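Starting off, we have a lone chain in the form predicted on its own, written out as structure tokens.
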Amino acid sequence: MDKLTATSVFESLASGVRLDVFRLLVKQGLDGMVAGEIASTLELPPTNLSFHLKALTQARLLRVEQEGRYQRYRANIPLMLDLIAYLTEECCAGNPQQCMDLRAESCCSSDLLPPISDNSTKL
């Protein structure tokens, strides 16, 4: 991931509504949701939601697929994981073992964090 892509993602998620939409779709995984389901779940007016879905799609945070007259939205999980990797790839100047205590305090799954040692052992 490059800095421009990361900035675009963060700008898109700076809206509370868009953050709620993205988190909801992350929970849905590969199933995703159609726009009407998203609107009713988050109690949003459909016209307001369409603006936010467009912004998230343009930032590549969502993927959209036409299903008849509906559009199904799914979170772009690979992009999310790339962002996590981008943010943590140089943790502690490339010596993540210096952060072991901090990693233990995090609620982030150790599977998502970069390896601790040269042999790719994860916390």
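Here the structure is a predicted model, which means the values were calculated and not measured. In this text, residue numbers run from 1 along the sequence as written.
The same protein also exists as the form predicted in complex with the DNA; that form is not shown, yet it is the one meant from here on.
Would you kindly say which of Leu79, Ala35, Cys91, Ala59 lies with a heavy atom within 4.5 Å of the DNA in the predicted bound form?
Contact with the DNA in the predicted bound form is made by Ala35 alone.
Counting only non-hydrogen atoms and a 4.5 angstroms cut-off, does Gln28 reach the DNA in the predicted bound form?
It does not: once the DNA is placed as it appears in the predicted bound form, Gln28 has no heavy atom within 4.5 Å of it.
Can any non-hydrogen atom of Ser50 be found within 4.5 angstroms of the DNA in the predicted bound form?
Yes, Ser50 lies within 4.5 Å of the DNA in the predicted bound form.
In the predicted bound form, which residues of 65-88 put a heavy atom within 4.5 Å of the DNA?
Heavy-atom contacts to the DNA in the predicted bound form: Gln66, Gly68, Arg69, Tyr70, Gln71, Tyr73.
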